[in-house]
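Consider the single chain below, provided in structure tokens and representing the form predicted on its own.
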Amino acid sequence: MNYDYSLSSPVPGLRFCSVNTEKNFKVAVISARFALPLTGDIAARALLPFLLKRTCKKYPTLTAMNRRLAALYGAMLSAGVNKIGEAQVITFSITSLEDRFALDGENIASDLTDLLLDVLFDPNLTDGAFAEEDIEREKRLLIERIESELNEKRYYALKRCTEIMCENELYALDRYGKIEDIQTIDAARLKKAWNEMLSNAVVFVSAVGSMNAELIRCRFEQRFDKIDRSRINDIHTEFITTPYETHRVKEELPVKQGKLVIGYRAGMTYADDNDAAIKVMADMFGGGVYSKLFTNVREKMSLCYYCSAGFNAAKGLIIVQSGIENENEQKAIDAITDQLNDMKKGNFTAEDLDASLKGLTNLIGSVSDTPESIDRWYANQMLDSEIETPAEYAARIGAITREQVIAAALMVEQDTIYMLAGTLTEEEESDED
């Protein structure tokens, strides 16, 4: 199902997107995202959402905040940090019951908006500063979050491959910053990061549901009208069409299963440069159970426990991830390379292409299944010049031809091969997943 959306720019550097879901869901979502370049004090900005979401001036304790959320029909307030290309994106989102289910005609969306704005604009400050004990708690939790991700070896291998591949690009930087930078965060740095977020970020606010979108837009406009937005960051992602040089790196850790990650440049010069054709090509290469990597490298050749390819249009990368035995490293590399060469030669059938087109269009169609996924769909385009609905993108995908897939494959060049070799024997236990 495709939902109508509207887009406006009530203040400089802010886009407001409302999606009317025609009363098909029981919950509504309101979110605000702040995009800043992956430069400057990344660590302090990464700490902000986790600190801000806990309390605010109006609800200065965790207990008071939880009581307010409970009163709003069990609303959920979440926050996080991610990357879109070479931008650090700070996200705040609040979800609760649709207005039409409220008792006594309550305007839940209005109250949700006010609470989200209180969190963003009126934090719990003492003498103009964040409390030291709150800062220290969030620093510890953020470091633990980073360490837990690195302990998941599949993620660790992916991260190391992209760091090596993009070592001279901002994309190599972690969305949370460095642990040593987090450890030195103080109240002054956090206050500066908060001001920077409100003043300089590219902002995307979305409202998904059947609520009064105009009311929400006006509330955000009123708050931002009080902020100096004259120096909004220019966010630009560097696209490398061909590798400067090829890398091959091997590291060892005490795990049982080896992790092979191969990074490719997709030949893109900007985010929507041939993106639909590359998406289909990458999906046929390693996106589903019908793909070449799954049917050949994993199933027929039994060279790996898993083998898949993912496409990052915001940076122009295709990344292959595989879990293998150490001794199968070169065999797996050769087999993966052969499958890509087959794509370049057009060694695939009409049925292969059709399976991919159907699989992708079904996946895109599922975006409309929940308000949360609808919210993410539009927010992921916050830095794009044009916004595309799921139906519009599915139509572009469905129109991709065999010739376009081959042309896209011919643009792909190998950049980095990263192997995380395991040192544990079969008898030794591993803490990996």
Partner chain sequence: MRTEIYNELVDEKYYHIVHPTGLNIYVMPKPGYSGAYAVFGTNYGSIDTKIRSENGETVDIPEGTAHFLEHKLFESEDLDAFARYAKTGASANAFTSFDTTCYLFSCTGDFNASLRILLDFVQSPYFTEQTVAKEQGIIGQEITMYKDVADWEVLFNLLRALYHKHPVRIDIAGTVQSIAAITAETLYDCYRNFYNLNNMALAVSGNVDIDEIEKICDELLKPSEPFLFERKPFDEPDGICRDYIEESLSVAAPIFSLGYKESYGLPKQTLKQKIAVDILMEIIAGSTSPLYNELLEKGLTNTSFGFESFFGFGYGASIFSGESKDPKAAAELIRTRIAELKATGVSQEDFDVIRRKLYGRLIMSYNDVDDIAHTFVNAHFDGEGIFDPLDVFRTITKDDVSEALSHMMRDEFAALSVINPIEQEK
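Positions refer to the first chain, counted from 1. Not measured: the values here are computed from a predicted model.
Separately, the form predicted in complex with the partner chain exists; it is not shown, and the next lines address it.
Participant: Which one, 147, 180, 132, 225, lies within 4.5 Å of the partner chain in the model of the complex by heavy atoms?
Facilitator: Residue within 4.5 Å of the partner: 147.
Participant: Which residue, 125, 172, 249, 253, is the contact with the partner chain in the model of the complex, using a 4.5 Å heavy atom cutoff?
Facilitator: Of the candidates 125, 172, 249, 253, 253 is the one lying within 4.5 Å of the partner chain in the model of the complex.
Participant: If we define contact as a non-hydrogen atom of the residue within 4.5 angstroms of the partner, is residue 362 a contact of the partner chain in the model of the complex?
Facilitator: So residue 362 counts as contacting the partner chain.
Participant: Indicate whether the partner chain has at least one heavy atom within 4.5 Å of a heavy atom of residue 324 in the model of the complex.
Facilitator: Although the partner chain is absent here, residue 324 would touch it in the model of the complex, with heavy atoms inside 4.5 Å.
Participant: Can any non-hydrogen atom of residue 259 be found within 4.5 angstroms of the partner chain in the model of the complex?
Facilitator: Heavy-atom contact with the partner chain at 4.5 Å: present for residue 259.
Participant: Quick one: does residue 304 come within 4.5 Å of the partner chain in the model of the complex, counting heavy atoms only?
Facilitator: Yes, contact at 4.5 Å.
Participant: What stretch, of 209-217, 271-279, 133-141, 336-344, brings heavy atoms to within 4.5 Å of the partner chain in the model of the complex?
Facilitator: Partner-contacting stretch among the options: 133-141.
Participant: Does anything in 61-84 come within 4.5 Å of the partner chain in the model of the complex by heavy atoms, and if so which residues, in order?
Facilitator: In sequence order, 62, 63, 66, 67, 70, 71, 73, 74, 75, 76 come within 4.5 Å of the partner.
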